[in-house]
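This document starts with one chain, in the form predicted on its own, laid out as structure tokens.
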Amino acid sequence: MTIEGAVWKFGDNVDTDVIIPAPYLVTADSEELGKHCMEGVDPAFSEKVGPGDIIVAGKNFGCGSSREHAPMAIKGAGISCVVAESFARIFYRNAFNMGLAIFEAPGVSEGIRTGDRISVNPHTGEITDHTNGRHFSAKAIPPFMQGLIKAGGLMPYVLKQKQEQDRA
């Protein structure tokens, strides 16, 4: 399965307070959180983003506090995946736990612009910018972590595994 969408580009050190500002942490409803996604950088972001769009960012995306709400807000806004030079480690883990596909790709922030249309192959890590014809390589997502994304996150994955064990 290839992920394809329009790009929304952000810079380095995008922290979780920018992804989902603290006043909205009173809910765990991803759709509600999505209405305020990236509000700290672009107050109109959630109104402009379309289903399946992709965030491309620089280094250390998701730094700051360890709130699970950040990947929930990104998913709730309709973003299909995030491609960045690097991720803060706690965001990296939270993203997979919440079922958000993320890809580390050196050089990606230099070559892709907001509005470009890109595709990402999660199995190979190949990223193609269909707007300018450039190609980038991300670390492929290991099969186990692809399973987390497919299930919608860690908890749905564990519940599915338990149900399968109970049937056996």
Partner chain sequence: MPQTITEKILATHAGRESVAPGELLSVRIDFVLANDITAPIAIDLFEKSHISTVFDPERIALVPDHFVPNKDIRSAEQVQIMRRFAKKYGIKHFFELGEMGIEHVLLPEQGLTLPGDVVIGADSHTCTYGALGAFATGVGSTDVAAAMITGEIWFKVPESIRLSYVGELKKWVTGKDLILHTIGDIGVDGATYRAMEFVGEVIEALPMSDRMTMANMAIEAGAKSGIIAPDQVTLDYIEQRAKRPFECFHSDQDAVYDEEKSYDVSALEPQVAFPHLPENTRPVSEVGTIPIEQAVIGSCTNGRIEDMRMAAQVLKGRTVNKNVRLIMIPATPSIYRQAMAEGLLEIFLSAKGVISPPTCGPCLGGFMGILGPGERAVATTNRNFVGRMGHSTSEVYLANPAVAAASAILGRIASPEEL
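Positions refer to the first chain, counted from 1. Take the two forms, superpose them, and find the largest set of C-alpha atoms that agree within 1.5 Å; that set is the rigid core. Predicted model, so just to flag it, every value in this text is computed and none were measured.
Although not depicted, the form predicted in complex with the partner chain is the subject of the following passage.
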Which among 130-138, 117-125, 47-55, 24-32 is in contact with the partner chain in the predicted complex, heavy atoms within 4.5 angstroms?
24-32
Residue 162 near the partner chain in the predicted complex, any heavy atom under 4.5 Å?
yes
Consider residue 82 of the chain shown here, and say whether it contacts the partner chain in the predicted complex, taking contact as heavy atoms within 4.5 Å.
no
Spell out, yes or no, whether the shortest heavy atom distance between residue 154 and the partner chain in the predicted complex is within 4.5 Å.
yes
Under a 4.5 Å heavy atom criterion, is residue 40 part of the interface with the partner chain in the predicted complex?
yes
Within 66-87, the residues having any heavy atom within 4.5 Å of the partner chain in the predicted complex are 66, 67, 68, 69, 72, 87
Is the shift of residue 133 between the shown form and the other one large enough to count as movement, that is, does its C-alpha move by 2 Å or more after the core is superposed?
no
So, does residue 160 move by 2 Å or more at the CA between the shown form and the other one, with the core held fixed?
yes
